[in-house]
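A lone chain, given as structure tokens: the form predicted alone.
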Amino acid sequence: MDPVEIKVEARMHYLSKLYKEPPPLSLLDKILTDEGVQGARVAIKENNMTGRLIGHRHELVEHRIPENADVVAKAKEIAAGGADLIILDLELTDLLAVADLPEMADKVLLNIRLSDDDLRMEQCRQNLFHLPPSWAMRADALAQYLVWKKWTNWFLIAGKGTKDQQYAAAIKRSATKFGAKIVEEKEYKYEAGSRRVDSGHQQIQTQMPLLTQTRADYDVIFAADAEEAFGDYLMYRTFIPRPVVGSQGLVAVGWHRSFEQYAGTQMQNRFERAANRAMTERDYYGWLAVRVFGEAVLRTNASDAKTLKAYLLSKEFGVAGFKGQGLTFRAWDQQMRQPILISGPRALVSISPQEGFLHKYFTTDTMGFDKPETKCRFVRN
């Protein structure tokens, strides 16, 4: 067979910093230095499997810089090279610094790392799209399931970190939105100490019953421990026997290693063959970012930012993400609407939105900030 003439070339840039990762609470979870980018590497191969049949060539250019490196200088260098399509795996300060560069004003930037609600609200940017669910979406997804179960009395325990507090605020909003009640609220203030010394389990076994002792009756403990200081230690150590949900226990996530529906098993297997480990949520969004660009290039037969952005925000766009429906973007904040997995540590429990939660246009818009609620007024560079 004669080679197909290359008609469109799409170059996607992956910009990330090698931030120091905190050690996981469990030895079962290893510190990963290639989260996100491994998913992108799998997806670029998939893009080219289709592309070579129709004359499209896809390239992934990786820019993974040290934590102390100047991300703004690197971003300017990327823009000067003509990059239009950029995947950002960055923490908040770095992400906004890149998005606000004049050189980035007309690019298409995909956030694959952060769930911050502010990025979809007051801090939204006209050049920035968001793939992971926001904290509000995650809290609403869990809230819908808990309300469906009639577990509507919640004991909220939040960590001291910034992401913990963001998730806690989203949980409070969800309680009001869906008619649940936060009957008790506490902040985790213990110093972590050394949990892996011989007596570490005794320290935890003493702390957790004290932390969870209250006169209020509750159905679940809702943990807001996004920075992983204590949440895993709540299970089986609470003062009274109650389920743990939130950042640990029963979680709301975009992807989970146990997910196997809608051909998810095949996705998991492909990734494991390529990366020699399980696919994490950030890996999934790295994969999805490349697939978003690939789908837009396929349908428009173009690779420039102006054409692709218009298509991403159009009614025609939809990308398959192994969730049983096409995934699309909300025009008002450029957040990807999507079903959210409700999963235990080892198995899927449910998928939100739950039955009975209705919306005029998309049931997935029952999770997170809907158009009438948005505070997004796009900040232009």
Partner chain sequence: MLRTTLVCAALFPIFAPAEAATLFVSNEKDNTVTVIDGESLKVIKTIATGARPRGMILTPDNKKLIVCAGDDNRLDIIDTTTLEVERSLDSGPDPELLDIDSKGDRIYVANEDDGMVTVLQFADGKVLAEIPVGVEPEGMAVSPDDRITVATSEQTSMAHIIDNATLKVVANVLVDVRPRVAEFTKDGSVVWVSAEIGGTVSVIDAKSYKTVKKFGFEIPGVRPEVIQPMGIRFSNDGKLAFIALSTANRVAVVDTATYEVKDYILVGQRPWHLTMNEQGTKLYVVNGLTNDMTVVDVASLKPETSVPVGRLPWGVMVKP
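All figures in this text were calculated on a predicted structure; none of them were measured in a lab. Positions refer to the first chain, counted from 1.
Below: the form predicted together with the partner chain, not depicted.
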Inset, instruction - Although the partner chain is absent from this view, report whether residue 65 comes within 4.5 Å of it in the model of the complex, heavy atoms only. - result: no
Legend entry - Heavy atom of residue 299 within 4.5 Å of the partner chain in the model of the complex: yes
Legend entry - Contact flag, residue 260 vs the partner chain in the model of the complex, heavy atom cut 4.5 Å: yes
Legend entry - Interface membership of residue 266, the partner chain in the model of the complex, 4.5 Å heavy atom rule: yes
Inset, instruction - Scan 347, 27, 31, 54 and let me know which has any heavy atom within 4.5 Å of the partner chain in the model of the complex. - result: 54
Legend entry - Contact test, all of 20, 135 and 145, partner the partner chain in the model of the complex, heavy atom 4.5 Å: no
Legend entry - Segment assignment from 267-275, 247-255, 205-213, 159-167: heavy atom within 4.5 Å of the partner chain in the model of the complex: 267-275
Legend entry - Within 4.5 Å of the partner chain in the model of the complex: residues from 319-355 (heavy atom criterion): 320, 322, 324, 325, 326
